[in-house]
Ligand SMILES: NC(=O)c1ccc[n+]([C@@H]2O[C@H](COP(=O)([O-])OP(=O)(O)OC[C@H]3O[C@@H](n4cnc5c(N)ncnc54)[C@H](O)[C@@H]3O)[C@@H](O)[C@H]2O)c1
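In the block that follows, a single chain appears as structure tokens, in the form predicted on its own.
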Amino acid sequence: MYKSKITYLKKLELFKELDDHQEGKFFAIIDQKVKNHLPQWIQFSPHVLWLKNPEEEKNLDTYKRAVDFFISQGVQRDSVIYAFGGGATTDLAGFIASTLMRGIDWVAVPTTLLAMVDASLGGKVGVNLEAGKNLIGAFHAPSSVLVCTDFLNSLSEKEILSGKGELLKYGFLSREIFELIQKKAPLEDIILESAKFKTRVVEHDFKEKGERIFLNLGHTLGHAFEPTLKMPHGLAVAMGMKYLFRLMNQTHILETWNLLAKSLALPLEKLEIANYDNFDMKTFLSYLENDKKKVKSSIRLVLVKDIGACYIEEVSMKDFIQKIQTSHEFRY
């Protein structure tokens, strides 16, 4: 059951809440990029594990290093691990918390747009293997998610665009979010509505037995584009949606994709295979074949009938790969 409490607060409110832990053992995993945006006592805390490059460090080697570190620092069953950073940081921290002492509490403090609307919510945690993303993981919801949009001011354009790629997905899942994006509402309003939407879905379907699978829209091809083209997760998801709609001849949905992408000011040139010299079909297909939504010899694709109305189509993996190999969209 999903029990995370989500709180929206400004940076001064967040710091005041964190200061209450100053006298005790404050265990945390933090992306170094946000170090200078945190209270000094956290910057110099001996109980913090700092990550230099969370996406690259989201692996079993870092997992072991982190477990050894926290045990040496005296972590116990009633301890709490805080995670400050983007999706890779919260995924790693949540997975560590899910296994330490057979599971301890953790708190997510998302600092990227992508993490605020998606990655830190829902309780899916894990690490990557060479064969693919999140192939080792668990369902372990944070006890609390502290969302402070002030952190958005510290992000690069690349990180903002990655988050907007995930927001494009929500534009298909919810009529309210679609309308907010279309009228170019303030980013904070779209963030709030997207987080509320995901939270409602996860509360109804924590273990992804039903409607939660719709949140994977764009991820089947996106998870293959991301490592193949070395591109940010959110942009890979946006690209994954577009190429899936093309493959499945969903022309009217593709028109909506273009409308949303333009409203979010996404760089359309970065979402075309033709603009990448390093696209390798063999590499792309190897990642695709390790997709977690693969069931025996089939794969479940999330497709769109209309705004707010998605459906699942299960297709033969062999046929789907053949469709990709023979599509002119992938021939560059």
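One-based numbering along the sequence shown. The structure presented is a predicted model; accordingly, all values stated were derived computationally and were not measured.
Unshown form predicted together with the named molecule; subsequent notes refer to it.
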{"item": "Contact residue in the model of the complex, chosen from Thr251, Gln76, Ser72, Ser154 - any heavy atom within 4.5 Å of the named molecule", "value": "Ser154"}
{"item": "Partner proximity in the model of the complex: Asp31 to the named molecule, non-hydrogen atom cutoff 4.5 Å", "value": "yes"}
{"item": "Heavy atom of Ala115 within 4.5 Å of the named molecule in the model of the complex", "value": "yes"}
{"item": "Close approach of Glu159 to the named molecule in the model of the complex, 4.5 Å, heavy atom", "value": "yes"}
{"item": "Close approach of Thr89 to the named molecule in the model of the complex, 4.5 Å, heavy atom", "value": "yes"}
{"item": "Candidate stretches 301 to 309, 63 to 71, 50 to 58, 269 to 277 - the one whose heavy atoms come within 4.5 Å of the named molecule in the model of the complex", "value": "50 to 58"}
{"item": "Those residues of 231 to 255 which, in the model of the complex, come within 4.5 Å of the named molecule by heavy atom", "value": "His233"}
